[in-house]
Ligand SMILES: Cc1cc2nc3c(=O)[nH]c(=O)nc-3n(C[C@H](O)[C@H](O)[C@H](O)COP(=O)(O)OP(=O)(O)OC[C@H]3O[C@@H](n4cnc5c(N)ncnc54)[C@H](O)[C@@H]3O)c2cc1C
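First, one chain by itself in structure tokens, the form predicted on its own.
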């Protein structure tokens, strides 16, 4: 039983069903969640996708972004880093919507996904679902994100494991042909102290937006759309246009990390953000989610006895390293003062220089290669 049909859960299902497991997937959302924010997909997850044969499908969904551009409140360019310069520090990067990555994995699955369902009780391998049904399983994978219900039921309250990073974030997509043409295929962002708003054209006249702001409390507002209008309403550029189309069901969450000493208990094991969320600031969450799913399947194929412990020993150092990187990256993605914004923009302007590229590489990409073993141990079928 896999709980959660995000990237971690879908990739776990892919690997486990090909290793001979009879896989079932449940997802609490009423339907499959597409869209989301743009991610830069590379690192070990890219290698996992290659082993899965998914790179051609991912390349077909690549966003044709030419640059990352910092603008002022009037929309004038302050600084810019080209895609070519960024790719020089992030080997093999594919920029695409998080939902597009999930869709590509889902489309290659054999298992069906039961939406609108989550778990209400977990007693080792016996699972009771929110619709009143129950079942007995040899393996229960909690892949249900930062606010994991499986983690809460088996390991304890979120407060024991979730580290809040002082920010809230929101992401949504909408169609606006005129604004899409105006923004073009550039990720453009307006940054002021404590707040950032960014947008980019996706395809067919559609747009995607990302908002980020500092908040002393992790408590989420009762009306996220209204909270965004209040928080960003005084900004210029395209902020009024974006705020006028914020959907009521906008993706909105705190920015947090998950730090757990043990990722497994009995027949239950956690994967992805449920046990090791690295946060929006760190990025690489999708890459690590796919890597963790692959590593778990590898270790189960090598022998179920001790498989969970071996899986954690391989993955946890990479997760902890990326989390530490993410905490350092806050000052780059969400500068707290005007001078820090200017310093980041200066790095963009000088990104063509080798010494600056080396500095940017250390700032945008943690060294997490090496967690995967050779492809010969990877389960096939």
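Bear in mind the structure is a predicted one, so any value in this text is a computation, not a measurement. Positions refer to the first chain, counted from 1.
One more form of this protein exists, namely the form predicted together with this ligand; it is left out here, but the text below deals with it.
K.L.:
Each of 44, 318 and 326 within 4.5 Å of this ligand in the predicted complex, by any heavy atom, yes or no?
P.N.:
No residue of the spot touches this ligand in the predicted complex.
K.L.:
Within 4.5 Å of this ligand in the predicted complex, heavy atoms considered, which of 314, 61, 340, 33?
P.N.:
The option sitting close enough to the partner is 33.
K.L.:
Between 194, 103, 206, 118, only one gets a heavy atom within 4.5 angstroms of this ligand in the predicted complex; which residue is that?
P.N.:
So the residue touching this ligand in the predicted complex, by this definition, is 118.
K.L.:
Could you tell me which stretch in 224-232, 282-290, 73-81, 179-187 has residues with non-hydrogen atoms within 4.5 Å of this ligand in the predicted complex?
P.N.:
Of the stretches listed, the one contacting the partner is 282-290.
K.L.:
Are any of the heavy atoms in residue 145 no more than 4.5 Å from a heavy atom of this ligand in the predicted complex?
P.N.:
Looking in the predicted complex, residue contacts with this ligand include residue 145, since a heavy atom lies within 4.5 Å.
K.L.:
Even though this ligand is not shown here, does residue 271 get within 4.5 Å of it in the predicted complex, heavy atoms only?
P.N.:
Within the cut-off, so yes.
K.L.:
Although this ligand is absent from this view, report whether residue 5 comes within 4.5 Å of it in the predicted complex, heavy atoms only.
P.N.:
The answer is yes: residue 5 has a heavy atom within 4.5 Å of this ligand.
K.L.:
Test of understanding: in the predicted complex, would residue 140 fall inside 4.5 Å of this ligand by heavy atoms?
P.N.:
So residue 140 does not count as contacting this ligand.
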